[in-house]
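Next comes just one chain, in structure tokens: the form predicted alone.
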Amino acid sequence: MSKKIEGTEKQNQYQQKLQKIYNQCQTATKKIRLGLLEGCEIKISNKDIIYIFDAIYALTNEVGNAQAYKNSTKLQNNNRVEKVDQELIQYFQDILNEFIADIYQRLNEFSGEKESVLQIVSKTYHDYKAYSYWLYKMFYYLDKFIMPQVGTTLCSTSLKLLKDGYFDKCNKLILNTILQFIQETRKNGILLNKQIKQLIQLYSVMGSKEVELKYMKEVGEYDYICKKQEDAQRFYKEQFQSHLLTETSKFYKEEIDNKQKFTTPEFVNWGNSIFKLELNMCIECYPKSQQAIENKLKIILVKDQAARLVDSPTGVGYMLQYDKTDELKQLFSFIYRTKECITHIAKAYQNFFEQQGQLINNSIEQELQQIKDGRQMHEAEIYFTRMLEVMEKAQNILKNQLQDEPEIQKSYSGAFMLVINKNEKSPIWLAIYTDIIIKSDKGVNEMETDKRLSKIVSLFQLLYQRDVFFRHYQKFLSNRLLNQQIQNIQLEKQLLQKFKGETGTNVLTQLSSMINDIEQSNRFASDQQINKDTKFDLNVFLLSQGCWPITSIQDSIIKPLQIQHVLENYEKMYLEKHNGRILTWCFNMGQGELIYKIQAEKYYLNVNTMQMIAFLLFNQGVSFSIKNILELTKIDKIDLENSLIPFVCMKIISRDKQDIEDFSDENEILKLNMSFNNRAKKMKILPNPKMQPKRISKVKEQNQEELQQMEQINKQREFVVDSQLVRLMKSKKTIKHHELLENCQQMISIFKPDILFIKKRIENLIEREYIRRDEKDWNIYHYLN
């Protein structure tokens, strides 16, 4: 009986102490609430907080000791003793629920006024965190030793109570209030009220199950710190961000519909202002949604509008046409936010410069009368000068306005590659243009020279038929190397080195050999002192057979006595130095300078070797029949026409027939014009098409020669493709059809083989038993060892 009485007394004591703690908490919380309500400093001392803390500590410690004693003596459980901890926790919850009920009631009174809702929610959320923080300090002992047994914390309990008793009930009201303020901000362009940030923070923490409540001294605010960001982030996205994105999309789609009449620059300026406004709003109030908002705007403003903006009458084409470079740069920067949309700019850029290039293709014939430096420009020079101007403009725009974007760089190459290769004459014209540029390079500084060569290479990079270009380039290179007046070995090497960086072919080896021949010839002449004891300067070029574009060698021509002895001495000297080699004189390729004296005047005539041989005959007499000249020189009749008619045209030799009539009558007499006089003392008498008879056979010969050249090129192409196909098959052993085609195309740089051409070569290799088809799958090939 005494034990039962003793237990009842203990219960009463516990109850009294609990009530005392509750009363002390009520007194303290009234002070806290009063301070929060008035917005002034909370007038509660640490002494009051410590007093409550000590009371809770003493009670829970006393209850804990009693419980331990009962467990050790195995006395009957006293349920009331065990419930002291729960009652303390309940006190904590009741005090918070009372506060929550008050703030919810205040909110309901102004639910129809968004300004009031904004202020009340912002203020009450701040007050609740402060209120919870002070209670946490009072009940800290519970949080440290009792709450872990329950499986939560006081801070987490505080947040859960707020969510259940306040946030869940007014979530829709809070969300609508936030969205209304955001819409007003977007319409007016004025940044959000900072109190919105407090409301949005609710969504950042309400999904958290574990939080800490801390006082941030730096900003003077209380805040929940989430321990598990995943839960909070999920809740934030579902309850706030998803609605924000939906409203954002809806708002700006309506805005875009109202701005369809905007020009491209106007829309870009408006779009940039939207990105700036939204970025500031995100940074200020909802930074967690910054990336999502930016992505949504990229879709609405950029991705969905890119094609329209680029192709509009004030889009890329207009900007390029009228040099609106600043507007183009702004458009690029705007669309660059979504890289996949750069395709639209790249396509418009390519279309514009394709059109510009095609205009050059179409108009080149109308511009053949242009004059430069006192001479009529060749159509190749006109064509590539204009093309380079357009390419330079495109390149400057690409670099300065379009940031050298790789995709647009491809469009640049694609545009000019298409245009230049549409012109069938491009490979030939580029060889001619290169020849003109190199010949005009004298007196130009190294930097300018390198710039010119780089332009030639940039054009070369765009060619499909590089083998055709090299065939013609080789002829022009031959003429330049064999003419000492325009010969520039160093420049030729420099250009050749640039070509090697673009394509590695046997042709380049031949070109290098040609330059090497000239260098060796010059060294041999210098070492052997060739010109010593001779009456005239002799320059001999030793050309390796097979490297030079020599179509025919006319070695049966009768050498004039004036040079025969010198040539024989040279031949003897060379063969002594290089025993076993064979020398053949190519009189149809050399050049020389004749000194022509008449009437006390001296003229310097620049002629080729056959002209020199034919004209030297007139040292023996003032007139000769054509038949006599043919017999005395053994020069081919057509070559003789080409050689002597320029003398007739320049009035050095006179004839009874028209100047450029052919030598059909071999009995016709050619005479020296003894009254010849000319102001120019140096004259070029070299054969040219304007000083040649019109021959039907000549046109046929040219056509036949072109056909032969193309036939040779096709044979070389067949060899190139065959070698690459065999190389691939040898390394792979087995390969699929499409892989073989793709790899073969990628490996060939000297020309661009089409698919049909490669397929024909595959069939040829099958016939020649280099490869075979798979018996079950004809799209698979096997290499035959």
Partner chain sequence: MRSKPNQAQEDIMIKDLQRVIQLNDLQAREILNQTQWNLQKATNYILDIQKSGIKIEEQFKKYATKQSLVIDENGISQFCKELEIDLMDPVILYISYIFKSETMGIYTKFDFLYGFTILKVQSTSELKKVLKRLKDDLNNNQEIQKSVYKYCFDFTKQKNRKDIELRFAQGLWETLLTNTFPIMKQFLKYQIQEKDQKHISRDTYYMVWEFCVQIGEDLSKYDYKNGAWPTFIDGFYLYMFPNHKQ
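These numbers were taken from a predicted model, which means no experiment stands behind them. Think of the rigid core as the biggest set of C-alphas that the two forms share within 1.5 Å after superposition. Numbering follows the first chain given and starts at 1.
A second form of this protein, the form predicted in complex with its partner chain, is not displayed here; the remarks below concern that form.
Note on the interface: of 27-35, 750-758, 717-725, 50-58, the segment with non-hydrogen atoms within 4.5 angstroms of its partner chain in the predicted complex is 750-758. When contacts are judged by a 4.5 Å heavy atom cut-off, H738 counts as touching its partner chain in the predicted complex. Mapping the unseen interface onto this chain, R773 counts among the residues with a heavy atom inside 4.5 Å of its partner chain in the predicted complex.
A residue is said to contact a partner when one of its heavy atoms sits within 4.5 Å of a partner heavy atom; R768 meets this definition for its partner chain in the predicted complex.
In the predicted complex, its partner chain lies within 4.5 angstroms of at least one heavy atom of each of the following residues of 771-785: R773, W778, N779, Y781, in sequence order. Core-superposed comparison between this form and the one not shown: the Cα of H737 travels 2 Å or more.
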